[in-house]
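As C-alpha cells, one chain now follows by itself in the form predicted alone.
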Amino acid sequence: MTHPADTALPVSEAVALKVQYQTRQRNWRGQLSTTTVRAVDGIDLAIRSGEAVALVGESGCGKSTLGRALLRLEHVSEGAVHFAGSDLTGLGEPMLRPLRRNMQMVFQDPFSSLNPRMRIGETLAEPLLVHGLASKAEARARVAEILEIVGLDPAVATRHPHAFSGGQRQRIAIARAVIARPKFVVADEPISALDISVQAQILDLFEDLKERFALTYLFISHDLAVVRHIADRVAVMYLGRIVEEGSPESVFDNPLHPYTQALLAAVPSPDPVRERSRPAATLQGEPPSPAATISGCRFRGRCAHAMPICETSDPALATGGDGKQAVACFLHHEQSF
C-alpha cells in the first residue's frame, strides 16, 4: 500500500548537506592547530508532507546537528537545505524570520527549554503574537485549546514552569511548537530526559498531533525501540552519514547494515527467558572522532564483516529492488541490489 507521503513534495530536504566546524587547540608545546569536525558529512534526506521520519543513532553521530541544520539553526558548510520548495541555504536571519512560524523544534531538556520568568500562557501565546497570527483575545482562546489538546488543564496558563513535572513541561514545549500550526517540526530526543512511565504518553501525544494537524516531523532518538510504532520511515545515522533507510517494517524485521543489526541486538527484550538466551550484541568499541580523517567505510573498524574494499571505498546509500529500503554497505551492494 502506498503511503500518502510517497507522492507528496518534500516539506524539508537536505541535499548533499555538510555541516563542519573548525576547532582550535594548543598542544603541550603551546602550538596552535586547527581541526575540522565533520558533524554532518554529505546527507540527502527528503521529508514529505504528513510524514514522520525517525532519525536514530548513537550520541555524537550528528543527529541533532542535522535536525538543527534543516531548520537553519546551524550554518550549512556545503550542500543545500530546502523548505516547502524554497532554498534556505543562503538566506540570512531577516529573510528566515517570516518562515520560522512554519519550522519549529521540540528540545530534549524540558527543564531548560521554557523561560522560567514567563507564565505558561505567555509562552504559548508568544508565537501567535510575534507572527501576527492572532489578537491577544484570540491568543488566549488558542492557548486554552492547545493546553486541552496536549492533556493539560487550561487553568495552568497562569503558572510558571517550576510548578510542573518534566512530563508536563514537555507537553507544554510540544504545545508551543505546534500552536502556530507549523508545516514541519523537529523533535530532538524529546523523551530521553523523561521517566519511562511518561515516555509512552509523550509518544502517544506525538501520534495524536500527527493525525490531528497532519503534522510533518523529524523525530530524533538514540533508541531504535521507541520509534518503531510512530515512524513512517526510519533513517539510521552513523558518524555524519545515513547508513540505512527504509520503512519501520523493513528496517526492524530485515536490518541490512551491520550497525543497524547491532543497534537492534542491543535493545533489551521484555521477556526474561528470551533476554537470557539471545546472542550478545556484536557492536564493539567506540566510533572514531568526527575530526578524524577516514578512508573507506567509516564503520569498518567496528564491523565483523569488513572486507578489503571497505578500507579504500566509502559505500554509497543504494536502494533495493522493492524501493522500500536502502543501505550503505558493500555486503549488499552486489548481492541484493
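Here the structure is a predicted model, which is why all the values come from computation and not from measurement. Residue indices: 1-based, along the sequence shown.
This protein has a second form, the form predicted together with a small molecule, left out of what is shown; the following refers to that one.
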query: In the predicted bound form, residue 37 touching the small molecule (heavy atom, 4.5 Å); finding: yes
query: Residue 313: touches the small molecule in the predicted bound form, heavy atom cutoff 4.5 angstroms; finding: no
query: Partner contact for residue 296 in the predicted bound form: the small molecule, 4.5 angstroms, heavy atom; finding: no
query: Contact label in the predicted bound form: residue 42 to the small molecule, heavy atom within 4.5 Å; finding: no
query: Interface segment, criterion being heavy atoms within 4.5 Å of the small molecule in the predicted bound form, picked from 42-50, 57-65, 305-313, 26-34; finding: 57-65
query: Candidate site 10, 78 and 184: all three near the small molecule in the predicted bound form by heavy atom within 4.5 Å; finding: no
